[in-house]
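Next up is one chain by itself, shown in structure tokens, the form predicted alone.
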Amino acid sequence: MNRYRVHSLVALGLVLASASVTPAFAQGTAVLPISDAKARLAVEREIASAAAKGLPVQPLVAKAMEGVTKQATGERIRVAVASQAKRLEQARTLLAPSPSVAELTSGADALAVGVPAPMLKQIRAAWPAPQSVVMPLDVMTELVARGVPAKHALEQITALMQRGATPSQIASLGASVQSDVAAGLAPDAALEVRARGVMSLLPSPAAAAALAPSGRRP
């Protein structure tokens, strides 16, 4: 789940497969490997419709390829692609003004696991303006997927950011909670303990405020 840190062999295969299909598909010269011709055309229409709205094609092709790999029916792939397109469109609005493809994909994934839409705006507003929000969105997605309430996850991530936690410290939080949950600890409790541990390594709030870069948003 945490794309920022861990990529399984299956995920790597999907990335390589979609990477080979996407450029040609965008130019109209590639065909998705869906055996049912009618279903394939329906999926391609969904992707073309999204592209016409200015949405990135790559994550949609990746979603279709995921369905192919899982041997899903053509209709299920179409629905998955259409749903992903809607989430990408929503993420584009929430992460305005100019989110990258990676940020849109992370935002769509966050929405898919149940992160409330307003929280994407809150993460974008809280994160330093020049920096990508892929990492905090991915950590948020992983925590929520593991059973941590979205509000609690957002509070902890934001608090750590405001105290000057590094991206690697925040990213490691998600992996640590994942390990704790796998070991049997309640998700909320795991996050509380791990966040407290990171917080203990950080400067005081006054020192963090003094060291915060001028571009950091309140």
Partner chain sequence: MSDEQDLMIERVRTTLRESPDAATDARAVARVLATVWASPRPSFWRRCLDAWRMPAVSGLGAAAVAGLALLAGFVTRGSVDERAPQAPMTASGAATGEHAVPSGTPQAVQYAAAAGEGAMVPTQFVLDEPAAKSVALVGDFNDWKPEATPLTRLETGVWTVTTPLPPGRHVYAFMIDGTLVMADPRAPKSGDADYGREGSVVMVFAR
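Positions refer to the first chain, counted from 1. These figures come from a predicted structure and were not determined experimentally.
What comes next is about the form predicted together with its partner chain, which is not displayed.
In terms of contact with its partner chain in the predicted bound form, the residue from A80, L95, V115, L88 that brings a heavy atom within 4.5 Å is A80.
Each of M65, A145 and A175 places at least one heavy atom within 4.5 Å of its partner chain in the predicted bound form.
Among residues of the shown chain, A171 is one whose heavy atoms approach its partner chain to within 4.5 Å in the predicted bound form. Contact check for S35: no non-hydrogen atom falls within 4.5 Å of its partner chain in the predicted bound form. Taking the partner from the other structure, its partner chain in the predicted bound form has a heavy atom within 4.5 Å of a heavy atom of A72. At least one heavy atom of M135 is located within 4.5 Å of its partner chain in the predicted bound form.
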